[in-house]
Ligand SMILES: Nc1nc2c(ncn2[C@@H]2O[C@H](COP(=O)(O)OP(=O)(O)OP(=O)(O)O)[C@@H](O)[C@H]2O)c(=O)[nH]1
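Only one chain is shown below, in structure tokens, and it's the form predicted alone.
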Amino acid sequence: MDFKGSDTIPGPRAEDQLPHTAQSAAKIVIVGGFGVGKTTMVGSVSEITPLTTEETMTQAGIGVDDNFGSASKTATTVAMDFGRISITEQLVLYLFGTPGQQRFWFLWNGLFEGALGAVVLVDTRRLEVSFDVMGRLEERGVPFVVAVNAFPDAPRYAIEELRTALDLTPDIPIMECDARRRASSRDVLMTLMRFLHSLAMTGSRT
């Protein structure tokens, strides 16, 4: 686009502007292994057009990237996804989706910086990937909830079975979700906010 001869540079679209009632904001990261639905969740729940950094997967990734369970996936996030959602008229969440391929995990440290909390998206076909993800969050002291993305061809387990398999402590919330549905993704974020509030209240009493 050529702005020569113009005195002004276009600002953000009206629908992308921060609500005038917003008084506070929090950074939330959405993490998980490759192909668990992070980009989908950010896109489904964001009230603005999400920023994505997806690139087409090529033959060069064969033998490097683990796409088990995601053979039909043709693009992958190489930096981050970004979206925004207003939880109330006063509180806005900035959503940062992390890249899932392990060769891009070095970017996670920067994305975790300043995060209030995280959503760990899980695919029951590849539970083992989640241990590294949760371990990194624990190392950084970032509280998290676990959301099991209900893929049509993925095996279903009882929530308490998954809690045991993932070695989650009783206080960490875990729930099923459908990352494609805005209401379901919003419920996950609301669960995270309630969890963070309970942690803050517990800390204030100690």
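Numbers follow the displayed sequence, beginning with 1. Fair warning: this is a prediction, and the values are worked out from it, not measured in the lab.
Omitted here: the form predicted in complex with this ligand. The next part is about that form.
Student: Given that the partner is absent here, state which listed stretch (44 to 52, 155 to 163, 134 to 142, 173 to 181) has heavy atoms within 4.5 Å of this ligand in the predicted bound form.
Tutor: Looking at the partner contacts, the answer comes out as 173 to 181.
Student: Contact between Val29 and this ligand in the predicted bound form at 4.5 Å, heavy atoms?
Tutor: Judged by the heavy-atom cut-off of 4.5 Å, Val29 is well away from this ligand in the predicted bound form.
Student: Using a 4.5 Å heavy atom cut-off, state whether Val36 contacts this ligand in the predicted bound form.
Tutor: The answer is yes: Val36 has a heavy atom within 4.5 Å of this ligand.
Student: Which residues from 122 to 156 come close to this ligand in the predicted bound form, meaning a heavy atom within 4.5 Å?
Tutor: Sequence-ordered list: Asn149, Ala150, Phe151, Pro152.
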